[in-house]
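As a starting point, one isolated chain is supplied in structure tokens, in the form predicted on its own.
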């Protein structure tokens, strides 16, 4: 029985010890364990696989993906980071820039500004095309000149009072429609995601006058095209108390974990510790520093239960980004199957 439990733990749990981590590699492949049928079975996969949305708002999404291997989970993460397309500034035509920010630095800053435009409505620009069209390019104009405020108090030293337009923000970027874009996109839909991103600071007499061309691209080519601020996953924590923990030890145990993980209850006049919500734990392994408590707790993670966190830059809602990542992965699978068919035909 003990041997069977050890094998089951090896197959389903990643165990965190005081000086290392055990069972980090996937081992449930066909023929590895006697008595286990680990051959691929679609019905079994569909039965065990599930996606649970835990939190969703305008810019962030947390969901659980259960019943998959680490390779698939990591594929989703990498696709979200590098292969879901967005629109970003690619070319900057500088007509006048007398600010202290060099043209190259200014162009780089502009490229990193997230643009609120649905990339699914645009095409990739053909390589070598110098002039964009309405189907592959968005155009923005930035024209700001700093002047003195004639109504400022004489003894004032506040730049916000002394100068007009001394801070250049993304709100100063004006969309210039190309072709029939004005008919296709209502006013206000094509814009920077945030209107309060500081681009540069000016002083009286200084001016920025430039034109920006935005194109469709992916994060694999440049990080400015990445649609997520962060996309990560972690395995679901699994915390087990090997023995009852009571009294002051219960209070001490609760302090070894993140708030809300260990709950101290009153049972027949005694304080008793119980695992309330292991999901909240960050696994600092602080409990291993306590000689009395470290032998009373087993720390592990569920091998096939992934907690995904996706934070959008605002270009598209995070749930849409996940759906687009799934489409990209499906496209990769189709191309691979097509290649296999082509090889078999040859």
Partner chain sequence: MAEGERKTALEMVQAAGTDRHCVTFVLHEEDHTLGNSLRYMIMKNPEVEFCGYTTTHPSESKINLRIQTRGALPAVEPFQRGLNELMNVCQHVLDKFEASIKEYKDQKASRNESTF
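Between two forms, the rigid core is the largest collection of C-alphas that superpose within 1.5 Å. Residue numbers count along the first chain shown, from 1. Remember, predicted model here, so these are calculated numbers, not experimental data.
As for the form predicted together with the partner chain, it is not shown, yet the points below apply to it.
Exercise. Quick one: which of 185-193, 148-156, 124-132, 243-251 gets within 4.5 Å of the partner chain in the predicted complex, going by heavy atoms?
Worked result: This holds for exactly one stretch, 124-132.
Exercise. Hey, in the predicted complex, is residue 26 touching the partner chain, heavy atoms inside 4.5 Å?
Worked result: Result yes; residue 26 sits at the interface with the partner chain in the predicted complex.
Exercise. Any chance residue 280 has a heavy atom within 4.5 Å of the partner chain in the predicted complex?
Worked result: Answer no; every heavy atom of residue 280 is more than 4.5 Å from the partner chain in the predicted complex.
For this session: Using a 4.5 Å heavy atom cut-off, state whether residue 116 contacts the partner chain in the predicted complex.
Result: Residue 116: no contact with the partner chain in the predicted complex.
Problem set entry | residue 108, heavy atom within 4.5 angstroms of the partner chain in the predicted complex | No.
Exercise. Out of 200, 79, 212, 144, which one falls within 4.5 Å of the partner chain in the predicted complex, going by heavy atoms?
Worked result: By the 4.5 Å criterion, the partner-contacting residue is 79.
Exercise. Can you pick the one in 235, 256, 264, 72 that has a heavy atom within 4.5 Å of the partner chain in the predicted complex?
Worked result: Going through each option in turn, the one that passes is 72.
For this session: Within 4.5 Å of the partner chain in the predicted complex, which residues of 314-344 have a heavy atom? Give them in sequence order, or say none.
Result: The stretch touches the partner through 319, 322, 323, 326, 327, 329, 330, 332, 333, 334, 335, 336, 337, 339, 340, 341, 343, 344.
Exercise. Would the C-alpha of residue 21 be classed as shifted by 2 Å or more between the shown form and the other one after rigid-core alignment?
Worked result: It does not, since the residue 21 C-alpha is displaced less than 2 Å between the shown form and the other one after the core fit.
Problem set entry | Post core alignment: residue 326 C-alpha displaced by 2 Å or more between the shown form and the other one | Superposed on the core, residue 326 moves its C-alpha less than 2 Å between the shown form and the other one.
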